[in-house]
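Just the one chain here, laid out as structure tokens, in the form predicted on its own.
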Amino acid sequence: MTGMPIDIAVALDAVVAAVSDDEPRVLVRSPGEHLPADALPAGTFDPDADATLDAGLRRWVTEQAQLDLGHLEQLYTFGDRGRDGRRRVLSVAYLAFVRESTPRAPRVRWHPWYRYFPWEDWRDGRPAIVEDAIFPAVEAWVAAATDPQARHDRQRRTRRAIGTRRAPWNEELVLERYELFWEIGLVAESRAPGPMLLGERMAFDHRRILATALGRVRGALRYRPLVFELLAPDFTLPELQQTVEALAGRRLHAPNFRRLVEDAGLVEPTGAARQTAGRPAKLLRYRPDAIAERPDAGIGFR
């Protein structure tokens, strides 16, 4: 069986994350020509110019954002039909952590992560959008299933994704929640969006890519010391805790957090202190040897 050849492009997308002022941020390109909404730094892989996928991504980020990336890790490959209305696109997404600096390129901005996922920030308790909008919409979607088995399946799916009114959800299931809201029509990127839309939209399926990244980060906090890539070389224990809380989207008990960090052997004192409004705070630094001593050297908070 023969047919017309399919035009497939290989795209490279970058989730470049930072934390500043206790707020997780992502680097985006502002709307403009060919961009209907905020978009991640991205470009097409050039097999002639780019020796590797990593090299191609670094080239695009440098061109679009005037930013040199350090460590990169491959996040996921996205290839669903219809993710770009112009042609079939296979996208390889990467995740990078940097310390925030002022963008040097036009139409490139740092935007808060929770601008796109306002339901994911529980640091001040359950967000009002969950109680006032998400629970009623999800309950209506479950009730709309006419088949008993379909209703049961919807109930099981929603319990896993958003918990219940009495219990918080699993903070790592960011992608599952976004995909549920996409199916119900609660986000602008939905195939059939409804009148109530949650969070700010992104171009193409970039909000899905960003949801994948946030879920990956939250899971990895427990077994990898990635949080230290977002901090200055010297930091205080409260600064470390606030950075973890910003990414996890919830508050942590300070004495328990101190004990977890000490037990993990992830940090050591520098011998210096920083003056604060109260008593001076001891400065700490990350111990790279912690990885050799324990491969799962993350902050296993509960």
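What you see is a predicted model, and the numbers here were worked out from it, not measured in a lab. Quick note: we count residues from 1 along the sequence shown, nothing fancier.
Not pictured, yet referred to below: the form predicted in complex with the DNA.
> The DNA in the predicted bound form: within 4.5 Å of a heavy atom of each of L237, E262 and Q275?
Affirmative, all three are within 4.5 Å.
> Report the stretch among 36-44, 53-61, 22-30, 248-256 that approaches the DNA in the predicted bound form to within 4.5 Å, counting heavy atoms only.
Flagged stretch: 248-256.
> Only one of V10, A290, A18, A281 gets a heavy atom within 4.5 Å of the DNA in the predicted bound form. Which one?
Among V10, A290, A18, A281, a heavy atom within 4.5 Å of the DNA in the predicted bound form occurs only for A281.
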